[in-house]
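Read the single chain below, which is given as structure tokens and is the form predicted alone.
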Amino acid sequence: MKPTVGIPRALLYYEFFPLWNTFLKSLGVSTCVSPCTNKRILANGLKNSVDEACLPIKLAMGHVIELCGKVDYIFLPRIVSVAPREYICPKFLGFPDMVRNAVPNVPKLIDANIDLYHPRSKAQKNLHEIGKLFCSNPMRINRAHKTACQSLISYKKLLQENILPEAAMEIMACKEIVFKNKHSKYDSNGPTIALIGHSYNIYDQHISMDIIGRLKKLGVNVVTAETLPEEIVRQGATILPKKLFWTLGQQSIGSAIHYLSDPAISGIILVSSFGCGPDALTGELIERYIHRTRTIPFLKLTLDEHTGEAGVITRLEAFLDMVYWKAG
């Protein structure tokens, strides 16, 4: 019987799920993804997390609890770094230990290190350690890694077509890997808004109050950091006098700087999590740079477990009033 590995629909799920899923399935492993976030999942995460944890970590805890009793393993790689000389959030690094200490009877965790901080580090070696749990054939593991990397490349190309992550994953699941965009990247003739924020905040419809869906219903086109090629994002981040060593923070700053220089962008919305140290720094840098360089409608939304839907809707409507007023 095939072992089943549970993958929480949280944290870097929207960044790397196609890589992880393809790699595991290529080794003959079944995967099970936790359901979309709902009140129960969030409540379980809040109840089992320390108060100092940020909302994304609390939410991830809820998704892990949701998978307990349904899978043989839970996939929680200890992600240290995904790019040379850069780091991911330290709370991501310690998340597997939080789970072990907070969740009773948790299935075995796959918490192998993913650390590409040193330039000579290779992702293949990191994934090989995970592959050895299910396969003793190094050649098969290498083939699985190659297939998984191709899957991730295809996924990112779909995101750059301004297709939302869940829709892109559905396209790939239907084997429609080669996607020919026969339409505009924009859904309407309305203004285009740059939505800046980490993928686990803006693409989770529950904690973001479905901000993307709401904007589109109001006739607004939405672009994100994932719509841009990585090299453009990194080029935008070079505006800083010193390289930012938080990968996710650099992604936010680089995409914000790029969209700020694009005259087609009518406004910028920055979404961050309450209690996130890196977000507090990068958000301040983005806001100051916007105020210094361009008069453009700007909205900063900070999310936590107490964020009310009515408040978010009111602020979005007020922001769009500014966008349309400025457009004349």
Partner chain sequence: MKVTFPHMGYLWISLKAMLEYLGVEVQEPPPTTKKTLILGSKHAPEFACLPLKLNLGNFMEAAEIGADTILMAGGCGPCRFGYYAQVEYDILQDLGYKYQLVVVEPPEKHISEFLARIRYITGGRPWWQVINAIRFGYMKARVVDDLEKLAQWRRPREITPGSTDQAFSSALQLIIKAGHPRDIPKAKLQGTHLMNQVQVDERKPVVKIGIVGEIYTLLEPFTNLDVERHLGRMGAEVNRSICLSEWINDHLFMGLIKGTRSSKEARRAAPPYLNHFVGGHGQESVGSTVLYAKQGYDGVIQLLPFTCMPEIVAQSILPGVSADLDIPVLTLVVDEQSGDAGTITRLEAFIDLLNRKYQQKEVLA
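Numbering follows the first chain given and starts at 1. Everything quoted here is computed from the prediction, not taken from an experiment.
Below, we turn to the form predicted together with the partner chain, even though it does not appear here.
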Inset, instruction - Sort through 39-47, 259-267, 24-32, 282-290 and report the only stretch with a non-hydrogen atom within 4.5 Å of the partner chain in the predicted bound form. - result: 282-290
Inset, instruction - Identify, from the list 160, 113, 124, 205, the residue with a heavy atom within 4.5 Å of the partner chain in the predicted bound form. - result: 113
Inset, instruction - Sort through 232, 71, 244, 135 and report the residue having a heavy atom within 4.5 Å of the partner chain in the predicted bound form. - result: 244
Inset, instruction - Identify whether the partner chain in the predicted bound form is within 4.5 Å of every residue in the set 190, 210 and 317, based on non-hydrogen atoms. - result: no
Inset, instruction - State yes or no: in the predicted bound form, is some non-hydrogen atom of residue 87 no more than 4.5 angstroms from a non-hydrogen atom of the partner chain? - result: yes
Legend entry - Contact of residue 98 with the partner chain in the predicted bound form (heavy atom, 4.5 Å): yes
Legend entry - Interface membership of residue 149, the partner chain in the predicted bound form, 4.5 Å heavy atom rule: no
Inset, instruction - Report whether the minimum heavy atom distance between residue 94 and the partner chain in the predicted bound form is within 4.5 Å. - result: yes
Legend entry - Contact set, 33-55 vs the partner chain in the predicted bound form - heavy atom within 4.5 angstroms: 50, 52, 53
